[in-house]
Each structure stands twice: as C-alpha cells, then as structure tokens.
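Okay, so here's just one chain, in structure tokens, the form predicted on its own.
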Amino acid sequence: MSYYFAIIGTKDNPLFEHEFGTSKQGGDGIARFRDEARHMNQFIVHSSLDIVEEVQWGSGQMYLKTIDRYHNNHISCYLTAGNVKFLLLLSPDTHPAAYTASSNTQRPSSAALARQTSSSLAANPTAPQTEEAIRLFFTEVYDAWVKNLMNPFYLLNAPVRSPVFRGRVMAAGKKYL
C-alpha cells in the first residue's frame, strides 16, 4: 500500500507533504503510486477538505477515520486542537498477488488469495486493524507536531522544513503502516 501524508494549515495551505509505502509484511517503505496518478495526490487530498469541514462539527473527535474515497483511494483525517488537518491518502495495491513461486505459472486460487489478503494489513483500508494503525500513526505524528509548534523559530501556518520532524513522520510510518 502507498501513502501520501499531508498537513494542511488553518488557511487550507499545505504545511508538510510526504509519500511513503508500507513497511509491514515485507514492504520496503517505497511509495508505489502510478506515475499518471502521482500528481493527483495533492488534488485528491485538498478536494476532501470540504468533507472534513462538514464532518468536524458533527463529531467531537480528533480522529475522523476514513472520510472520503476517490476511485480506489481512501482519505483519513485527524484534526488538531488548532484546526490543522492531518490527511492520509491510502492507495491499496491494485495488483493481485504475484504468481506462485512454484514451477507452474498458474495464478493462485481465489480461496488462497482470500486467505492471503485477509491477513494482510494493506488488504482492506477500512478494516479495524488498518484504522487502528492509522490512528496510532496520527497520534505519534501529532506528538511530533506539538513539539514542532513549541519551537520558538516556527511560524504558524508556515511550511515545516525540519529534518527532525520529517524523520519522526517517516519513523511513525515505518512503525505503524
């Protein structure tokens, strides 16, 4: 699964962006967005801001779970107390499982595919295990965000250029996603 993470400021301006892939179950942590769809990530995330603004007042929670879908992409949201939005676009692998490594080149049976993908975290973006992993990711990024805000040299609604913050986001993505 590939992920596009964005932090959107109070003026709907992007403050931070990062792409990464899954590190769970043998993943290498590299985002595998299709080239023709890579440029759409920012557009998809920003188009979901209207839905975030509708949902945020109806729910008293900071983590809004999956708020929007665009084709096969899912967008999850986390709101901070200062109305800064953390948005995570999940793009599941659209390729079915690779052919078996045995001598025959037949595709695995549908039952074998179902068993393999049901145990995978990346199999279903709306599964409870995936939702919990995303919530934990957002919580850890929020802790790093608060530490970044306490920096006296950081200006509100300015892009985050801290390599320490980027490293913490990458570490949280590797740990939970």
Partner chain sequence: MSISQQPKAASNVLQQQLQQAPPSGGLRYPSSKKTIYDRNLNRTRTSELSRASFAYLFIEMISYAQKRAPSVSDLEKRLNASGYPLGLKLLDLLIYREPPRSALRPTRILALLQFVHTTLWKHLFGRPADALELSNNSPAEYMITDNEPLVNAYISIPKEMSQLNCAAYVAGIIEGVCDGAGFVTESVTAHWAEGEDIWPGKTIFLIKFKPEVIEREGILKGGTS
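A quick note: this is a predicted structure, and the numbers were derived from the prediction, not measured. Residue numbers count along the first chain shown, from 1.
Below: the form predicted together with its partner chain, not depicted.
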> Within 4.5 Å of its partner chain in the model of the complex: all of Leu79, Asn148 and Ser162, by heavy atom?
Replying inline: yes
>> Taking any heavy atom pair closer than or equal to 4.5 Å as contact, tell me whether Gln56 reaches its partner chain in the model of the complex.
In response: yes
>> Can you work out whether Gln129 and its partner chain are in contact in the model of the complex, taking contact to mean some heavy atom pair no more than 4.5 Å apart?
In response: no
>> Asn72 versus its partner chain, in the model of the complex: is there a non-hydrogen atom within 4.5 Å?
In response: no
>> in the model of the complex, is there a heavy atom of its partner chain that lies within 4.5 Å of any heavy atom of Arg168, even though the partner is absent here?
In response: yes
> Within 4.5 Å of its partner chain in the model of the complex, heavy atoms considered, which of Leu49, Met40, Ala133, Ala144?
Replying inline: Ala144
